[in-house]
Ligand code: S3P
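Take a look at this single chain, the form predicted alone, given in structure tokens.
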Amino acid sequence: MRIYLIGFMGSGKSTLGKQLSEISGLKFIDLDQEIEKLAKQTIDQIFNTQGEAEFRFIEKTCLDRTFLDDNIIVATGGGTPCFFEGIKKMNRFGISVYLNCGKGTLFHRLAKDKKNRPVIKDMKDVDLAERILDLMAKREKYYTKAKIIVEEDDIDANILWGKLNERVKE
């Protein structure tokens, strides 16, 4: 079983992924950490020194490696489904789960956590709100291709695990 958690930054992919891993016993993979290991740089450094195109290529490489593993839960980056047919491949090799968090919730979470997120760390709140709206408008068409869409801002990991098991039985 391969489970891919997708959604905007701040939607809870890493937190929920770790919780699901504890419940299920499946290995947890944070794609951002895998990118940093492969590149031997932080994501911020990759963007600053090599640009977004190179970052996306490294991200694709790390995502493709997950298709060789079994029994994993992967927290993807916010843009992972949108490049190099990411969502199509995740759906082919596993179960994609879109954590469709409300824009207001995303804004409040990200505004409080800017210092830990290189892409938005220097943004004013008004710019952050605009960026969320802009990127969500561009990414929604990819996110909504997920096999499971979660419409709750804070879904309980046990409930989601139940939904995933139901899906596997179908």
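Model, not experiment: these values are computed from the prediction. Note that residue numbering begins at 1 and tracks the sequence as displayed.
The protein also exists as the form predicted together with this ligand; that form is not presented, and the subsequent description refers to it.
J.: Just one of Met9, Ala157, Ala146, Val150 has a heavy atom within 4.5 Å of this ligand in the predicted complex. Which one?
T.: The option sitting close enough to the partner is Met9.
J.: Counting non-hydrogen atoms within 4.5 angstroms of this ligand in the predicted complex, say which of Val119, Ile29, Ala129, Ala39 makes the cut.
T.: It is Val119 that has a heavy atom within 4.5 Å of the partner.
J.: Among 121 to 129, 101 to 109, 51 to 59, 65 to 73, which stretch has residues whose heavy atoms lie within 4.5 Å of this ligand in the predicted complex?
T.: Every other range fails; the passing one is 51 to 59.
J.: How about Gly94: is it within 4.5 Å of this ligand in the predicted complex, going by heavy atoms?
T.: Gly94: no, not in contact with this ligand in the predicted complex.
J.: Does Gly77 reach this ligand in the predicted complex if we count a contact as any heavy atom within 4.5 Å?
T.: Yes, Gly77 lies within 4.5 Å of this ligand in the predicted complex.
J.: With a cut-off of 4.5 Å between heavy atoms, is Met136 one of the residues that contacts this ligand in the predicted complex?
T.: So Met136 does not count as contacting this ligand.
J.: Is Ile46 one of the residues lying within 4.5 Å of this ligand in the predicted complex, judged by heavy atom distances?
T.: The answer is no: Ile46 has no heavy atom within 4.5 Å of this ligand.
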